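In structure tokens, one chain follows: the form predicted on its own.
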């Protein structure tokens, strides 16, 4: 097999993100020799901590490479690929690398493919298309070939420390400066890709209830309270986030970034709980990778009861969530 390079980057704290270990696991599964390269803050120490089994171990670190920036990331990645001499480059499909590595492949007269979910020893790769709805198999003769492995699609590698990394000196000139980060407060964060539970709200939360009135304000308090207490991730059906364009009462904290389904995201949480959602196909397709599915709906004949949920609670979501809140 052709020479393989596992190209990784560190996180802000100098450690390796989960996607890095998943990419390393793909390389180990191919049964071929591989080199290891890491860029970013504390890259040399991070590389050594997982370098057992690697041929060459390379690293690029320093103040210029500690932050995610296209110019510095591209220069470092190109230098590492050239130093390794690898024809196949496996890298995690993170925001940082998805931005930089296609340009690196172009600099090296190579090719890049994203959303890779599997690679076999014959270098046939499986890639997702159309928001993960379709999967295709392809191969290329162009080299170097950069493969960006989709996070969450492969098991993490078993790692051990090995030889120290060889530090490369990469000259760069930067015209931008990272001055800091702006993040929402912890109690405002509702999209958590690493959470074990996905809580999805449907349009039923804003409709008239048994007393003939809407309770949108209370619905917002119930949903946010549950999400914050359980540290779960919040999703929404398309119909709910579209209500703002129809002049109806809305949940102000929901945006199209929360949308789960055929026109939204396809999350990969272990468990999912749908509330006031009917579970029809355009919505359920977004639950493709959720292993345990539960739903709350007053209609026993809703879509969730037709083989799309492991458990359907035929009940009023308001009543269920009010009773659940004290238990949390």
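Superpose the two forms; the largest set of C-alphas matching within 1.5 Å is the rigid core. Numbering follows the first chain given and starts at 1. Note that this is a predicted model, so its numbers are computed, not measured.
Although it is not shown, the form predicted together with a small molecule is what the next lines describe.
With the small molecule omitted here, the record of contacts in the predicted complex names 195-203 of 68-76, 134-142, 195-203, 222-230, defined by a heavy atom within 4.5 Å. In the predicted complex, the small molecule stays beyond 4.5 Å of every heavy atom belonging to residue 272. By the criterion of a heavy atom within 4.5 Å, residue 278 is counted among the residues contacting the small molecule in the predicted complex.
The small molecule in the predicted complex is not approached by residue 40, whose heavy atoms all lie more than 4.5 angstroms from it. Shown alone here, residue 16 lies farther than 4.5 Å from the small molecule in the predicted complex, counting heavy atoms only. Shown here without its partner, the chain carries 209, 262 and 282, all of which come within 4.5 Å of the small molecule in the predicted complex through at least one heavy atom. Scanning 190, 87, 239, 94 against the small molecule in the predicted complex with a 4.5 Å heavy atom cut-off leaves one residue, 239. Checking 50, 59, 296, 26 for any heavy atom within 4.5 Å of the small molecule in the predicted complex turns up a single hit: 296.
Core-superposed comparison between this form and the one not shown: the Cα of residue 69 travels less than 2 Å.
When the rigid core is held fixed, the Cα atom of residue 89 travels less than 2 angstroms between this form and the one not shown. Taking 2 Å as the criterion, residue 55 does not count as shifted between this form and the one not shown: its C-alpha moves by less than this amount when the rigid core is aligned.
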